[in-house]
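You are given structure tokens for the same protein chain in two forms, set apart as structure 1 and structure 2.
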Structure 1
Amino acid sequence: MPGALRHTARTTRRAVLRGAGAMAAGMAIPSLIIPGVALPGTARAEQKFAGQRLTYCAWGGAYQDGQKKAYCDPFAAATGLTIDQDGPADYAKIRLMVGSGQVVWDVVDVGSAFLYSATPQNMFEKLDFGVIDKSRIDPRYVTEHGVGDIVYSYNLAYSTTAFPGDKHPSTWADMWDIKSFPGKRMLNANAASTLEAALLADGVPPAKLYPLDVPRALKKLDQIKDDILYWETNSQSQQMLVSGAATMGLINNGRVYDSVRKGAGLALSWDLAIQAVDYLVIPRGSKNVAAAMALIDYVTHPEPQAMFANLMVFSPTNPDAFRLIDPKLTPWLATNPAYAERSVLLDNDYWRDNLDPVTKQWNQWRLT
């Protein structure tokens, strides 16, 4: 169908078992060397950080499990570093930690809107590019305080049980059509991505999306306010859709892939998918900056990024990683060239300048 990609659990599961699983297993221990750290596959691991520990924080669920396997476990095995896991990431907690000087998260996976808005507020350590080789990463995904580790998209996804066959939602406007497509809808509890989806559903052309017309977006959301469920974390969005609590909604592409891989009857549309980037940052005041820098540098290599892509189909920020990704997964990747003309990129500059005031408007609307 134009603008949409449909997957069945049966065919995707078979492809994953044959392809991604085998490839991911084959890359369980990347064989490469980074400055000051010998990783598995070399003659001797230096155990540079033996006796030290840091806490890695991401978004929980299958996403964080994949990053633990692809990023943290190989690095810990090679360096002797103990890496504790915590999550889900919570921006209010980061602000509280930094403000109080009681920082317990050392490397955090954050969204671009938060990175760009919190950087001027001195929330993050400035990255040392003498340790972190930023040349490996597409320069669009590198800032002085964050290195992009994945590209993903917010898509319209739906239950194939609720909407079997050809009569199913495929556009953002369809999510507002309660009569044709009944059931609860789910949306991001954060303003970023949700307001974009509302405006796209209201017919705003992608080229004229920014600056966001927030009153117009909220007026559009008024039309389905009684039918909205909000997810606070990506894991929660996945659970809502799989359980049937919502029949459709806004969700990132990797979560749908993970659900379908496990047998869930879900599908997603690529029509006006909203692309975004997640970054690895070090909260200001971390007690383990040296190890945190080294871990981020490790993640810039193609092997860990490709391994994570094979596990969770999030697109890498290191272009060299694509040669290691199972081609069967290409239809699930947000940066697939086939989707380029019908994709929308989240505007980081807009959210840097407007996150706080727009979030205030958004929260007031939700409480009324």
Structure 2
Amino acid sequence: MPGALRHTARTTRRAVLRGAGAMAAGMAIPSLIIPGVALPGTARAEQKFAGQRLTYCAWGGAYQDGQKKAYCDPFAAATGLTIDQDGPADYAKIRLMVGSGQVVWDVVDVGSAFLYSATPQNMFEKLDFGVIDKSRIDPRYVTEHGVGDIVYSYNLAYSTTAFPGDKHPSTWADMWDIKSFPGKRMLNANAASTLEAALLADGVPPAKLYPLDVPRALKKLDQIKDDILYWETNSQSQQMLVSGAATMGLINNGRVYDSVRKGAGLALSWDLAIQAVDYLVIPRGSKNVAAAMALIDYVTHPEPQAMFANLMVFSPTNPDAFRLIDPKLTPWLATNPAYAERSVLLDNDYWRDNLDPVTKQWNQWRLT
């Protein structure tokens, strides 16, 4: 999820307290770390890292608190490792650290945009899949340098005040139908996800989405050019939709969950939701690579993933985690198997190779 915006993340304590299932999932972790009882998959890792330290870096706020609780604390308790927290995961800082050899972050939660632009620049340690059991993770969410820890998605959402009853937008194409569904629409100010939505609305089949036909996407966007608001931050997208500045638009699933939980009249369509992934990476030159790999391996287990999903309503990359997630939350999660058939995954390889030129084309279009 882009940048600094996770700061205003969700407080989902209430959501957790609501479901007994969630409580059980929350309890599952402490019960696993009674002395003498090993963590799943780390049978011989008992106090293996006693006296060692590493720094975990995510996005601050409730998001990082959740990951500390779900990923770091249980692992630290089981292995004797001391884990310091730092954030937000400023990408320019990572580049400077790696460039100067002064790497102080050992495991970092980064968005896919950064993973795909920085991998060819040799910013990350290659992961040791002898230590990290990647078979636990859906293979679409693993690369040589990053293991997906959470999935979120860009969905079409709309205001139920503007569209009460059955006649409401439900596909990307409906965003272009100003007659049937009046009002401003909103899109991501970044090209990734917005261009995909335009092409899907134009009838490009999901299987043929990549490589993106950028001119076709921009032509499609021309049709509603003056009816679009662009959001730069996730909290802004939430604000636009809740306040009625836009009646529908592209937005992160978690933001809609958060608004609805707070009583806003919004609804979400899961048709061709565009999935994006956050990855755990190890900046190249980390001085604690062994412990960092082991921590990433721990996060591939269902328990930490389910705990984080229950706390923050981000979707797990380990499909097994669903059995530990509060059933009230699963309809909001992007990797819910029920949505699998009608979902699209942002293509890392495409964006790695094309981020720079496509962003230039995109900004040029915005200026004209």
Partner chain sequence: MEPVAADLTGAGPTSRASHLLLVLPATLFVLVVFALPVAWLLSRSVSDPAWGLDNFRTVLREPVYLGLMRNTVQISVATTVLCVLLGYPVAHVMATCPRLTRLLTFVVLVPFWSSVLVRTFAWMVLLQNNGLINRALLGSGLVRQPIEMIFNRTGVLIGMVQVLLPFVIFPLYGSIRAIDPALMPAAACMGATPARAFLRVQLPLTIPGLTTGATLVFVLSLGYFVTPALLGGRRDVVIARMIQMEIGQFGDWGVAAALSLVLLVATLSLLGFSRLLVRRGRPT
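Residue positions are counted from 1 along structure 1's sequence. Just so you know, these numbers come straight off a predicted model, no measurement behind them.
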{"query": "Assignment: the form predicted together with the partner chain", "finding": "2"}
{"query": "Selected hinge residue, from L295, Y116, I251, V151, for two rigid parts turning between the two structures", "finding": "V151"}
{"query": "Smaller-part rotation in degrees, where the chain is treated as two rigid parts between the two structures", "finding": "29"}
